[in-house]
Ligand SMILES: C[S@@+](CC[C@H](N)C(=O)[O-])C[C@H]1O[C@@H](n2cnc3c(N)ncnc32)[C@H](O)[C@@H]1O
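Here we start with a single chain on its own, the form predicted alone, put down as structure tokens.
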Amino acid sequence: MNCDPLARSYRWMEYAVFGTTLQRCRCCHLQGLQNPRSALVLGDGDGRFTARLAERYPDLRIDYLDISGNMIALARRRIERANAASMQRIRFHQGDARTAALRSESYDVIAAHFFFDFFSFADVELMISRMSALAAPGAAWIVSDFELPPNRLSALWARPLLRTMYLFFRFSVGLDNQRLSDWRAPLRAHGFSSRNACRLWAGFIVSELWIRGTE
């Protein structure tokens, strides 16, 4: 799904619905990373997480991958304004995470924020398999996404909100997928285990830190 038509307004639409909650969720595990040297960020849109990641770890090399050329342009401008020196450590790639060619060296960190919810389970499984092949032993994978809260009362408002979000993306950018996909099972299958979780909005918004086993 290409968000080019929404690039300029996406940040403000996010703030209108969620305020700063999604950005807080994206960044809640930044302090828990163990001096990473290389990172892959999937679908970061206008680059808000990438900018924070580069600021927090000044020696980190980052590969940023997004399918939207307009989002990449926004991310470049944002990061250059925030910290022009960090641009030397960031490589911007335009492409589809299901097929894009990436460098073969291993990553210490992989991040996918509010990204897997755009894809079917088969696509999520494919992407996690592809990216796991590039993950170093002990690598951290951060996933932020939506999920239906376990509390039935909270699910009463979360379910229609989620449905409205999916319909919006269907009509605005032609999103085919209309349901959340399980990303935990493929992560476990590729040797990752959940170490920490941040849940907001009664569990509707979640960010989890997964670590790959070293054996």
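One rule holds for the numbers: they count along the sequence shown, beginning at 1. Here the structure is a predicted model, which is why all the values come from computation and not from measurement.
Omitted here: the form predicted in complex with the ligand. The next part is about that form.
By the 4.5 Å heavy atom rule, the three marked residues 67, 96 and 119 all count as contacting the ligand in the predicted complex. The stretch in contact with the ligand in the predicted complex, judged by heavy atoms within 4.5 Å, is 38-46, chosen from 38-46, 182-190, 152-160, 52-60. The closest non-hydrogen atom of residue 15 lies beyond 4.5 Å of the ligand in the predicted complex. The ligand is not shown here, and in the predicted complex it never comes within 4.5 Å of any heavy atom of residue 92. The ligand in the predicted complex comes within 4.5 Å of a heavy atom belonging to residue 26. Taking the partner from elsewhere, residue 201 is found to have every heavy atom lying beyond 4.5 Å of the ligand in the predicted complex. With the partner removed from view, the residue among 109, 143, 124, 71 that has a non-hydrogen atom within 4.5 Å of the ligand in the predicted complex turns out to be 71.
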